[in-house]
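One chain comes next, on its own, written as structure tokens: the form predicted on its own.
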Amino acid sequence: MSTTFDVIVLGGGPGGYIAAERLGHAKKNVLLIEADALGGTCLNVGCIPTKALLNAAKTYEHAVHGAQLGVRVDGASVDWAELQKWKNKTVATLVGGVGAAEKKAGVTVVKGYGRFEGPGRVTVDGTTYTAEHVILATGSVPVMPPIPGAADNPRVLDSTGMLSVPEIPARLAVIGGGVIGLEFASLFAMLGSEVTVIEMLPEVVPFMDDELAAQLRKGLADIDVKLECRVTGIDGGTVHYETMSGTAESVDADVVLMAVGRRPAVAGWGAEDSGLEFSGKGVVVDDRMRTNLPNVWAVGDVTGRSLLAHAAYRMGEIAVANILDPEAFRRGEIMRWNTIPWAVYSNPEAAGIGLTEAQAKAKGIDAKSVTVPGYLSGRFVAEAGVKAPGAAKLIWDGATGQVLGIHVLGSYASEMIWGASVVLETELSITDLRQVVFPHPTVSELIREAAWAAQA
């Protein structure tokens, strides 16, 4: 096999494999290097396996609570081993799909730990590969804070370990009320675990709009959320924490999930000695995904700009566009960091894009907002009832009417937020949004209801 390529991609997660695939389709000679399975964290131990388990948990919950809709299921139970098989089968199928897509695109895949030796050079197991361009896509790793009693404690797991616990824990303590923490908390609460979430900040999911974050927390059925509590130590399965008033408290658990976030993987692959510029977040890139080194690009979690798989996809596409055409940025092929949607696959779901009300006001914008409840959607009421947690909130510029942020809580939030992305990408105003026809009955109509409420 030749060791000379047009582009080397180091890392086969969402940003890396989509970049390799796009370049392959553009007839570039591409090498993709991955130490583990293709698909990275998202496909193997993140987005996909958690969604497989969450959907199974929701199916069980619907069976258990279907009586209020007139559906009675006697003897509903959970077979954790079968759930694991479903999860593993799902992951294996999709990993195989990524491999097939790379092959179809003509991408050469090398399995092994790649070491970045500088612009145009990457070594794997003693073999040096060269290319005109290198795309760095080494991803991220879970953060394990130095909490006394956490290290080498068999009851303390990170998100990867939590996916494969041998049985559903009767009692689960989750340290961290962010996206990962709330998704696992919702998953195991639906499966019957007694769940406690311990969050150090005043509210869960700190990047969310304050108003909807509070509604999300209140809607987390059967989950005990403790805010403004600092974990001071872990003794076996007992998590000790201190409240804001300084009171020492504790919670006993069979399993403790450490879910305080992830950090860019910037060590162990040569970055330290390469001359790459780092910030406190990760590898520094510009809006074209260029690093400070010539023809060296970085995409995905390793940049620390957004640790979301769909953001990594777009970063990969931006890097590819600018590799193929140095003038691509003039056609708008740049990262628009303010239009990356996010979703929390908790129960209830939440999703959003753009500025929160507090962020808009902090920028000095004459920000206006409106929030409408979920029960204004006929489909929402038909499926969840009037009391179920749900809402849509719009933030706009009072001077221009331009929509600055859209935030949604409740069923289908993760599926409807893409439409909000279009609104922000095209810089629509509240008036423009009112003229968009939404299908009826859909939960998405809440966004339109909010637009009309904004004019009232």
Ligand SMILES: Cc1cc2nc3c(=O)[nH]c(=O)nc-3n(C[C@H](O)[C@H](O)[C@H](O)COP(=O)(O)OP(=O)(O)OC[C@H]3O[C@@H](n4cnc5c(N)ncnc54)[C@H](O)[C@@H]3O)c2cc1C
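All residue numbers are counted from 1 along the displayed sequence. All of these numbers come straight from a predicted model, not from anything done at the bench.
Beyond the structure shown, there is the form predicted in complex with the named molecule, which is absent from this document and is the topic of what follows.
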- [ ] Could you tell me which of 422-430, 403-411, 31-39, 63-71 sits within 4.5 Å of the named molecule in the model of the complex, going by non-hydrogen atoms?
- [x] 31-39
TODO: Quick one: from 193, 291, 140, 356, grab the residue that has a heavy atom within 4.5 Å of the named molecule in the model of the complex.
DONE: 140
- [ ] Could you work out which of 285, 307, 318, 255 is the residue within 4.5 angstroms of the named molecule in the model of the complex, going by heavy atoms?
- [x] 307
TODO: Although the named molecule is absent from this view, report whether residue 10 comes within 4.5 Å of it in the model of the complex, heavy atoms only.
DONE: yes
Task: 4.5 Å heavy atom contact, residue 314 and the named molecule in the model of the complex - done: no
Open item on the list: Would you classify residue 129 as touching the named molecule in the model of the complex, given a 4.5 Å non-hydrogen atom cut-off?
Closed with: no
TODO: Using a 4.5 Å heavy atom cut-off, state whether residue 262 contacts the named molecule in the model of the complex.
DONE: yes
Task: Within 4.5 Å of the named molecule in the model of the complex: residues from 97-129 (heavy atom criterion) - done: 112, 113, 114
